[in-house]
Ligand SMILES: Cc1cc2nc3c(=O)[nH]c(=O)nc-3n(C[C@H](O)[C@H](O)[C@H](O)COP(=O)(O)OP(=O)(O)OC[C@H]3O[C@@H](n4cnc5c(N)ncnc54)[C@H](O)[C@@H]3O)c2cc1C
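To begin, one chain is listed below as structure tokens, in the form predicted on its own.
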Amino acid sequence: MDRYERVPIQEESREERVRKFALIDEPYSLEDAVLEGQRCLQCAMPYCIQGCPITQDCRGYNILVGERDFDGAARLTLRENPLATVLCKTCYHFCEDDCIMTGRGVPIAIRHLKRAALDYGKSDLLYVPSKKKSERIAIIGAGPAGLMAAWDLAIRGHPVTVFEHEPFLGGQINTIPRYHLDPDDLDTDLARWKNLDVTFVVGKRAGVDFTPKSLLEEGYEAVLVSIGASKARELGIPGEQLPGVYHALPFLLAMNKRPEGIFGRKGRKIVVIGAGDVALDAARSARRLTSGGEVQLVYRRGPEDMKATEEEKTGGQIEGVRYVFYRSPKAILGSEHVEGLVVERTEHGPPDAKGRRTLVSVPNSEETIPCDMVIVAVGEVADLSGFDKEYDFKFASMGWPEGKKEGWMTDVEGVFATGGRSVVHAMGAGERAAAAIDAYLAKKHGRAPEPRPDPFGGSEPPKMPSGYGGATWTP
């Protein structure tokens, strides 16, 4: 075996993948997983762990898979990762980006080894809470940040109630296309929580049915706002309200929940505006549901400026999405339905005061792209309707609200807020917020802060692996 070459991951062909909504990547066979695990160099400084927003001990489960200890690999994976079934198929694998093999060959297929650990090891484990505490905690939002915080706090012994305005859990996990994620994967993860004191209340909206302050008045001692950014940014151009114009996240949610409500006929010409991962998800989903049709992705800058990951960009190319660069949308045409998108050519202008490349319009360069559907994917902002200004949130570059004070506390004592730009980043933010909330309550009640205990009931808290600080995990 060549240590610098990855054991191949089998994928569906282009013809097969665009015909259906099903996972593209095939799982490793047990033997292939062992071979790939044995490629890991077990670096003294685990850059892979350092690159993971939840500091998952991927180096540890790599070697366990290589030693055929799949039960141990599954347990180690689940020790820090309560949404491992979701992440083993959808994570952007920042660990692989930091793998030292990247400089010598092909990085270890860490995400795929996580999947193998759960596939071939005993993964139907149940989490165990530590000694019960009396302080009740409320979490607003059941997306990845809220779920991670709920798990962390429940493992510490806190009773947790999670409020979610949708009738389902998971937040934007539900917009991940089925070619990346099976529909029951989140349920598989949450089944391990059955012994934790976490109560889910769905169909209740903050600002309508309750507020963070009203939850404090009801006896919750801390509230975490983890609502993410789910309200679509608008283009602000004529025709944006025409039938046939969709925003990306509602479109993707409909693809998973009720696709028949969007696609009533074949042979569409669809334009997606944007160049991030959400835009690529929308374009690739539309491609699967447009037999005989065409999907174009329109972006005002060039390919080097696309924010989407290489995995998504390459996937779009393989599946026949046509990329149209240096076009800025100016208007959506149509009377009773979308008929076309007017775009204007752009080009790079002189650098601005900070040296960044500017973009300028090319005079007299307007053209019309015929289409009968437009999907807008230019970002999201938080929906703060019903939240008073007294919380004084700050907003991340991608729109979610955060508390300004230490530990993400807002201007209202006991109310915290956080979020993240991907599933695993949001989980990392939820983990850190949970530690901050636990420390806040410990100080309030005269306890010494403690590390998160072993989620499987062991007598000692999990330790960070050697090379990563060499210390016990602490908040």
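Everything quoted here is computed from the prediction, not taken from an experiment. Residue numbers run from 1 along the displayed sequence.
Another form, the form predicted in complex with the ligand, is not on view; read the next lines as being about it.
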Partner contact check in the predicted complex: of 37-45, 50-58, 63-71, 423-431, the stretch with a heavy atom within 4.5 Å of the ligand is 423-431
Checked 198, 176, 378, 155 for heavy atoms within 4.5 Å of the ligand in the predicted complex; positive is 176
Exactly one of 391, 120, 92, 323 comes within 4.5 Å of the ligand in the predicted complex through a heavy atom, and that residue is 92
Please check if residue 274 has a heavy atom lying within 4.5 Å of any heavy atom of the ligand in the predicted complex. no
* How about residue 141: is it within 4.5 Å of the ligand in the predicted complex, going by heavy atoms? -> yes
Review point. Can you check whether residue 404 is within 4.5 Å of the ligand in the predicted complex, heavy atom basis?
Key: no
Report task. Spell out, yes or no, whether the shortest heavy atom distance between residue 229 and the ligand in the predicted complex is within 4.5 Å. Result -> yes
>> Between the ligand and 145, 171 and 252, in the predicted complex, does every residue show a non-hydrogen atom at 4.5 Å or closer?
In response: yes
Contacts from 201-218 to the ligand in the predicted complex (any heavy atom within 4.5 Å), listed N to C, are 204, 205, 206
